Every structure is written in structure tokens, then in C-alpha cells.
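This document opens with one chain alone, in C-alpha cells, the form predicted alone.
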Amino acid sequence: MNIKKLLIKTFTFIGGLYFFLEFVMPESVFDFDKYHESISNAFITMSCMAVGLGIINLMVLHLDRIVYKKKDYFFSLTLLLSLFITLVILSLDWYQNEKIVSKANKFLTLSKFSEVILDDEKAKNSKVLAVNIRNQKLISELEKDINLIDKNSININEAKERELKEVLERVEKSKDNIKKDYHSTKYNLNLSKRLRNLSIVYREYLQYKNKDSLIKKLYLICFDGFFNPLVMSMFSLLGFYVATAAFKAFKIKSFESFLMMLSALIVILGQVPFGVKIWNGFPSLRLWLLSVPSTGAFRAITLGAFIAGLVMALRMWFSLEGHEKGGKN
């Protein structure tokens, strides 16, 4: 066995061992609560690396077809172009949303700062700056952020403008009350609540304003114009495939196929109004078929799938999966 395979098997076993000890063994035996978050973050980081590795492998595979113009290379070119365009549009949309959140969160930060000033004053915390100095700094930063608010009315309806204006007026009143006496914390809680509300309203304001931006239009074209129709087309084709498979399965060739055909017929007649006119007992019989025999069959299938999944997990944990194909190590 070479060192590469040994390392892979070792780290795979250690990773599986952690989850076994954390989720299977009782807490009285092994308690990893204080390390669970850090370990989970490490696994998330590795998963992100795996996604990047998958993209690299995808590009290597299809670039080879494109460069050497192998059979159906046009589909590989379409796939990579779609991947690149989608990643660019998603990145731009994410960047735009982050800018909006960042602008709105400035007021949320000031809201928390106003609460901290009040809490420190109540606790008589002598390790921080005086109340008047901190309140002056709070109001100074607040005035700067208010002046940076983009009030351009392009793509904004009157309701959004009026809502933002009303919230800003309430914030201004609380701000002016604090400016009258920087030594008092009487209005800090009121200002904090209004700043929190301003953060929400301003974020919605900016999102509404940018809904007709070029990036949002490209995003809608990419997903509503291409992705969603392709998904619906795929499921439509699957519907025809399922119908064809059902037609083949319902051919009466044995006693089991006869039972399947009879059950399907009863369920259909119990569902449609026409079946009730033939016999009013079809709905009750349909309900019994779905709640008793069908439920038992699904439970058996689910139990078998869980057992198969457990066996597969154990094989992966002990690095046995693919051992037969790989031959001797």
C-alpha cells in the first residue's frame, strides 16, 4: 500500500470515527460539544474545497474535448460557457446584495452601540469612556451615515420614499434629543429601536431601487429565462418516460402485475368523480389501499434503503468501497 492510499484511508477513518462518537455514543462516554462547531466548520471548509475540485475536474474533462474537437465537443463548450456566465452573474448579484446589506447594517451597528452606552451607564462601568464622549461619537457617525443615504428617486415608488422619509424623521428627533444633553442616556434606547427600524427600511429601499438594475435583469434572464424553462422541460420529458414505464408495468403478464393493475384502477376510480357514480365505495377502498398496503410497502422500502445506506457508510468509513475493483493494495 502506497503512502497516498494510507493517508486517504487514515483521514477517512478519523472523520467517520468522530461522527460515530458524537452522534451514536452517549454523551456520558464522549462529549464533543465544545469542539463540535470548530470541527463542523472544518468539514464545511473541506466541502467547499471539494466543490472547487469538482469544477476543476469538469473544466479539465471538457476542455480536452474542446481543444481536440472530439465528438460532441459543442455540448462541452456550451456547458463551460453556461458555467462561466452563471458564476459571473451570481458573483455580481452577490456583490450587489452585499453592498446593500453593508450600507443598511451601518445603522444596525449604531443601534447596538447606542444600547451598549445605555447598558454601561446602568452597570456603572468605569472602564469605558464617559457617556458624553460616546454619545458625541454616536451622533457624529450617525450624521455621516445619514448624509450618505442615497435618496435618488429613480425606480422608487412614492410609498417606499414616504416610508424612508418617516423613519428618518423619527431618527432625527431622537438624535436631536440626545444632542441637547450628551450626558444623558434617556433617549438612547429610543434611538436604538429607531435605528434598527431604519436599517430594515433602508435595506428594503435599496433592494427595491436595484430591482431593475442590469445585474438583476441578467440574473432573471439566466434563471427565469433559461434555467427554469429547462428544468420544466426536463421534468416534462420525465413525465412521458414515467407514463411509458407505467404502461409497460401495467401489462397483465402475471398475478403480481394483475394486482398492480387492479390497485391502480381502484385508486384512479376512487380519485375521479366518475368513479363515485359507478360505486360510492371506491373512495373508501382507495383510502384503505393508500393507508395500509401502500404505507407498509413504503416503510419496507425505506427501511431497506436505510440499511443499505448504513452498509454503504460503513464501507466508506473502513475504505472498503471500490476495494474489489482496485485489486490488491
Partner chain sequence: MQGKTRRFIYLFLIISLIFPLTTGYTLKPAPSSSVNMFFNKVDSLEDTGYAFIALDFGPQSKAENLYQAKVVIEHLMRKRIPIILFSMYTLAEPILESLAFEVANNLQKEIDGEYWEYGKDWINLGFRPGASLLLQAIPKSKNLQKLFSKDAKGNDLKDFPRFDALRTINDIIFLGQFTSLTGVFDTYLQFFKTKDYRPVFGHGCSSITIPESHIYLDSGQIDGLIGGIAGASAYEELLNNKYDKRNNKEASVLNTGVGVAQLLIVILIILGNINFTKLKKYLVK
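Positions refer to the first chain, counted from 1. On a predicted model such as this, the values are computed, not experimentally measured, just so you know. Rigid core: the largest C-alpha set superposing within 1.5 Å between the two forms.
One more form of this protein should be noted, the form predicted together with its partner chain, which is absent from this view; the next part is about it.
S.K.: Lys99 versus its partner chain, in the model of the complex: is there a non-hydrogen atom within 4.5 Å?
M.R.: No, Lys99 is distant from the partner.
S.K.: Would you classify Lys160 as touching its partner chain in the model of the complex, given a 4.5 Å non-hydrogen atom cut-off?
M.R.: Lys160: contacts its partner chain in the model of the complex.
S.K.: Any of the heavy atoms of His183 lying within 4.5 Å of its partner chain in the model of the complex?
M.R.: Residue-level check for His183: no, no contact with its partner chain.
S.K.: So in the model of the complex, is its partner chain close enough to Lys173 to count as touching (4.5 Å, heavy atoms)?
M.R.: Heavy-atom contact with its partner chain at 4.5 Å: absent for Lys173.
S.K.: In the model of the complex, which of the listed residues (Lys165, Lys179, Lys122, Lys248) lies with a heavy atom within 4.5 Å of its partner chain?
M.R.: By the 4.5 Å heavy-atom cutoff, the listed residue in contact is Lys248.
S.K.: Taking its partner chain as it sits in the model of the complex, which residues of 269-287 have a non-hydrogen atom within 4.5 Å of it? Please list them.
M.R.: Contacting residues: Gln271, Val272, Pro273, Phe274, Val276, Arg286, Leu287.
S.K.: Core-aligned, is the CA shift for Lys277 between this form and the one not shown 2 angstroms or more?
M.R.: Lys277 C-alpha, core-superposed: shift of 2 Å or more.
S.K.: Superpose the two forms on their rigid core, then report whether the C-alpha of His62 is displaced by 2 angstroms or more between this form and the one not shown.
M.R.: No.
S.K.: Once the two forms are fit on the core, has Tyr241 moved its CA by at least 2 Å between this form and the one not shown?
M.R.: Yes, shifts by 2 Å or more.
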